[in-house]
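Let's start with one chain on its own, the form predicted alone, as structure tokens.
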Amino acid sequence: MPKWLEDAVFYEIYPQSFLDANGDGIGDFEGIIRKLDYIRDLGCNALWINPCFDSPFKDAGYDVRDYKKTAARYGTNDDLKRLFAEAHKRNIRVLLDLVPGHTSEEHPWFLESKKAEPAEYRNRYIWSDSWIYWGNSTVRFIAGEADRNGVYVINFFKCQPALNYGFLNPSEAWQLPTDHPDSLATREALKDIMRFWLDSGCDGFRVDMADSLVKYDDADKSGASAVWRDIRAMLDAAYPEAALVSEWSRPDLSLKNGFHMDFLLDHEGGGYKSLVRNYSVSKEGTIGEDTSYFRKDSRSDITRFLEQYMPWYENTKNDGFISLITGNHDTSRISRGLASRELALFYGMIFTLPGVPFLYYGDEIGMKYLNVPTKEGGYTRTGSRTPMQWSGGRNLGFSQAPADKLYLPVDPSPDAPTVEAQEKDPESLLNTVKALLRLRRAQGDLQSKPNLEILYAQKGSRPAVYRRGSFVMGLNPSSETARIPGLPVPDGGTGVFSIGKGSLDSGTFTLEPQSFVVWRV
């Protein structure tokens, strides 16, 4: 396990939208470098940068054309290496976004694979043995796009042919087993890509759709798990400080099969969604009833989250870390359903729970979800990918380009939040996040280690209380004062952080409306 994960707090950057340094309307590596001091001073000591490899950008870079070459819009390979070096000077680690399950349809491997006559990468992708296929299948096919007498499997968009790691239980001749030499060759090609960037200075990878590699996999994803255990063995031997975080959202599987971290995502019916995004959205973009726990006027309790989280936490606490997120490039901005005070309370919780948290760029100032046209395959996700809002004035400090040249439009609202304005306000969301992260980084009991004890959480009751080492956290998202007696904590102690007001006296926590309090006992 990389030791640096013990106190890691990640900042996710969508590079197109972070800072444009050369005035072309698109964010770039130099823009990230210019804001490394900001990220460090915010309290984050690690970055996850969304895909920055050469791509036709039909899916915002998740359609890779060349894994060993950066996209020209961001800069050169040398520019990215300089970013690694400048980050490391500030004790900031950098993860790149690895897309192992598919490539662009323009990748040289696929161009060879689709030829009518057998070529070098014939089995690098998954092809049937006929131009038409009627068999039952849980995978999706594209037909009529190649001279080859076959249809090919995709993972997501039509432009993303699936790489061939084999089938766990092949049922037809064209379905290669996972131990076939060509399936293993794909795995080795992935290792080669990882070694290339680790040797260039990166510190690990966020892995896209990590559980999707092996087709016809079983419920426990034993096929994909075997691939990742093999890759983890390579990392442990040659790059023991390199970290892997999976887009899987099944820590009971991922953390026991090669990954150091796994995201808890806002899947329908899941515990995370019950906290902050528990609403429906109409085709017109209108939010329906919001029963999220952190909504002041919600009557929800925290037990739905804990019913999912705690069994996973107990089962995996010695294997790796569950990563809670404020948001990401695929989710609606958290501010879409929550007001600033509600956001602050949520941040209080996720930054004082165990595991390795991830903060999405702009969430620290409460950037809004914008209803904008789709861009590069973003569709409804596009509204969470708009430019970072640094200051007042031209394009909110994102770029000096004309507004019509920007990657996406900036928030046109007169009250659009900016870093510049919030830095001057001691009560701002930005300064609340900074204070929380200072506390977390200063106290080992509040970092990644598994020392969580739930002291109070009941169905039908809004407040929650939990303990980590010498600290007790009290949370009350409701509009009414809460009093929780009989807590198993010693008398005395000191309040060390608060949003709102609360007190802990003789085992009784009193929490004023919409409050979060950290008490040292």
Ligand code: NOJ
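Residue numbers here begin at 1 and follow the sequence given. No experiment lies behind these values; they were computed from the predicted model shown.
Keep in mind that the form predicted together with this ligand is not shown, yet the notes after this line are about it.
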property	result
D445: touches this ligand in the predicted complex, heavy atom cutoff 4.5 angstroms	no
Partner proximity in the predicted complex: M209 to this ligand, non-hydrogen atom cutoff 4.5 Å	yes
This ligand contact in the predicted complex: S384, any heavy atom under 4.5 Å	no
Heavy atom of S113 within 4.5 Å of this ligand in the predicted complex	no
Selected contact from E247, D79, E145, D182, since only one has a non-hydrogen atom within 4.5 angstroms of this ligand in the predicted complex	E247
Position in contact with this ligand when the complex is considered in the predicted complex, options H329, R124, R440, K215, heavy atoms within 4.5 Å	H329
Options 55-63, 488-496, 451-459, 37-45; stretch whose heavy atom lies within 4.5 Å of this ligand in the predicted complex	55-63
